[in-house]
Ligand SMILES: Cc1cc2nc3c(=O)[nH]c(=O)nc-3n(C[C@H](O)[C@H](O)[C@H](O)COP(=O)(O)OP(=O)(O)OC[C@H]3O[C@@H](n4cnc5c(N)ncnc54)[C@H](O)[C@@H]3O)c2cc1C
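The chain below stands alone, shown as structure tokens; this is the form predicted on its own.
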Amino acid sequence: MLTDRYPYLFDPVHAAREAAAATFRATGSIRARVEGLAAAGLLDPTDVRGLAVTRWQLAHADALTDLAFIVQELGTFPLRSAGGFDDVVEAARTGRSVVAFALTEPEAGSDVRALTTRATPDGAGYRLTGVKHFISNAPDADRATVFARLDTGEGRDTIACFLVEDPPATPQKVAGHSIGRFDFVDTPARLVSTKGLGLAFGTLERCRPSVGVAAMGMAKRAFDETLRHVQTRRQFGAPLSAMPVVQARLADMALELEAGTLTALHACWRRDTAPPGARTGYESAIGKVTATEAAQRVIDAAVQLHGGLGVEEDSVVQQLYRDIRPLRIYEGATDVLKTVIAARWLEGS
């Protein structure tokens, strides 16, 4: 338990939440998992450290359940921040609605300001036209928080936030994930806020540190599986764990786990304790990059130590290898976040 191992970073409420997440198990569709998470009380609003301990436990057990959990947060946080959508937020919190977060476009991934999806007024509402892709939980979503350009008059536009009911989704084939695209063609939408860019960045800044902690949950599962394997698998008349080269790999994995976990948790703590209005993008970038890159290395080592068993289709570490890779891309790709980190020092602050 993270709250036992690093008690100085947490409050009692975090320990209770982590204990609930540690016993949670679910299978089936994203919707079934969301309903289960709601029944377990895990979709109630929490701070970033609450997201982190929940994600660590869920990701350790099952990456798809972790995805179901965090996308509900991504989809509803802009609505909670803007206000006026209590009914939608409550439906998501109680598992009656799956809400997607639709930001990424074919030509606008990390470059959010390059969005081309456009909103046009239509009486009391709006209509959206454009494409969003690689949207987590899209195939199961009955609502989507969507970011699109809106003409504010005199030839000027802004990125605004909208809510779309029953978004038109098409599944995309990404192993181990529920991913899809939305093709909007004069699709009805409700305006959430004209300050969409701030809502998008605020949501990512809140959730991004927890990505690193989820990655560490996956890495710890790979480490646990590997410990069992090397202690029971015998080669040359002794367990694999007796070999110095194997012990060295295990030590490297443990070092990566400790460093990645602490860095990611520090970013979560920093977000929670920052003064109102303070930006913590630098710490979030450091936490996500350090942890997700470390997790990739740990899981790669786990596959290597499993040998041929590590690439069998029903192998746990094989699935973890596939699950961990997207975390180095979504909510800020490693290479893009490195520019955020460098900019902090180049600006002299």
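Since the model is a prediction, treat every value here as computed from it, not as a measurement. Each residue number is its position in the shown sequence, starting from 1.
Just so it is clear, the following notes concern the form predicted together with this ligand, a form of the same protein that is not shown.
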item: Partner-proximal stretch of 260-268, 127-135, 216-224, 239-247 relative to this ligand in the predicted bound form, 4.5 angstroms, heavy atom; value: 127-135
item: Contact of residue 89 with this ligand in the predicted bound form (heavy atom, 4.5 Å); value: no
item: Residue 103, heavy atom within 4.5 angstroms of this ligand in the predicted bound form; value: yes
item: Non-hydrogen atom contact residue 24 with this ligand in the predicted bound form at 4.5 angstroms; value: no
item: Interface membership of residue 177, this ligand in the predicted bound form, 4.5 Å heavy atom rule; value: yes
item: Non-hydrogen atom within 4.5 angstroms of this ligand in the predicted bound form for each of 329, 336 and 339; value: yes
item: Of 188, 109, 84, 198, the one that lies within 4.5 Å of this ligand in the predicted bound form (heavy atoms); value: 109
